[in-house]
Every structure is written in C-alpha cells, then in structure tokens.
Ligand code: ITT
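Presented as structure tokens, the chain that follows is alone, the form predicted on its own.
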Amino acid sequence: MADKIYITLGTSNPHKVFEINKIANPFDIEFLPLKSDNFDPDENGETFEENAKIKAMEAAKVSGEGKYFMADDSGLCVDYLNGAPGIHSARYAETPDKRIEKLLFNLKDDKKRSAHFVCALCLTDDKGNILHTEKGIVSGKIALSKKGTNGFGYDPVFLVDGVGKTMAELSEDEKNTLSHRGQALSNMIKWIKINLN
C-alpha cells in the first residue's frame, strides 16, 4: 500500500480545507492547514490561474515544513456584470452576506442571470516549482434570493444548471461531484496519485 501523501494547503479558509479533504481522503491524500502567521499573498494576478500560483508559491515560501503545497483561487463570474465579481469575489464587499446583497442588488432589474463558478488549482514543491495546475468550471444562474444552508460564499444564490437547486441546497456528496472545486480537485488527485507516489 502506498504511503499517505501530505500536501499543505495555502489558504486561511477552514471551509476549503474541510471540503477538499472530504474529496481527497479516500485516496490516501491529506491536505494540511498552513501553519504560518506570515501567509499574506499579494493576489495581483489577472486570472484565477495566476492567483492560485501566487498563493501556492507564497505558502511554500512561508511554511518552513512540508514537501508539497497547493492553493486554489476560485470565484463567481456573472455574465451580465461582465464577469464580475470574478477574481475579486472574496473582496466584493466586507462580509459574505454583504457580498450576496451587493450581487443581488446589482442584478435586481435584470432577467439575464447566467453565471459560472471557476476554480483554479496550483500544486508546487517546497522550492516553489510548479508541478501541476487544474481548472474546473460549473455553470448556472443567480437566484432571486438565498436558498440552502450548506457551503459558503455565494453558494446560497448559485442555481446549478440542470439540477434545480442552489449550491447551498446540495448535500456534501452532490456538491463534491458537481462543483468547480470538485471537478478541478478530482483531476488534480488523479495526477498526484500517478506522479507523486
């Protein structure tokens, strides 16, 4: 049996660590929270992919322990808002509730509510060399109001195409199968199992 693979996750969001481990644990891969108070990446990239790389390389730099590092950059892109909030999804307003309020306000008179979630993943080694990248996209539209209590961020207002539920109404297993992060992570796990064992 192969040894378990440990990868440090470049994030300060405990929801992400939990969500990613739910998918990764059956494959003998464990993602560890970053143990550093100095993790403050300058997310000045113009794409999700660039920001994922910045975060993964910063995690490798400040950690002081561990062999592999991964970071994700994800966000919501609304067609009517020309792709906003996009890479600024986490900084669209001060709190998660205010971000949703602002989004719904900006769409209040509009019938075109198509949107998609994007997740870019970047895996590096302890020297900051990029080993692999992945990207996942899930399409949907913005609901008129919040529904569901699972998930985080914009999940309560994102209606997944073909499902008829918001991301926050899905069970964990459903979300891990359908979500942008689930897609990107499944492909990343396949690569890790082949190349890091």
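Quick caveat: nothing in here was measured; it's all calculated off a predicted structure. Note that residue numbering follows the sequence shown and begins at 1.
Missing here is the form predicted in complex with this ligand; even so, the following discussion is about that form.
Inset, instruction - Would you please decide whether E19 lies within 4.5 angstroms of this ligand in the predicted complex, comparing each non-hydrogen atom pair? - result: Close contact exists here: in the predicted complex, E19 approaches this ligand to within 4.5 Å, heavy atoms only.
Inset, instruction - Would you check, heavy atoms only and a 4.5 Å threshold, whether E134 touches this ligand in the predicted complex? - result: No, E134 stays farther than 4.5 Å from this ligand in the predicted complex.
Inset, instruction - Please run the contact check for D155 against this ligand in the predicted complex: heavy atoms, 4.5 angstroms, yes or no? - result: Yes, contact at 4.5 Å.
Legend entry - Interface membership of N106, this ligand in the predicted complex, 4.5 Å heavy atom rule: N106: no, not in contact with this ligand in the predicted complex.
Legend entry - Site check T11, K55 and H180: each within 4.5 Å of this ligand in the predicted complex by heavy atom: Each of the three qualifies.
Inset, instruction - Pull the contact list for 104 to 121: residues with a heavy atom within 4.5 Å of this ligand in the predicted complex, in sequence order. - result: The stretch 104 to 121, when checked against this ligand in the predicted complex, contributes only F117 at the 4.5 Å heavy-atom cut-off.
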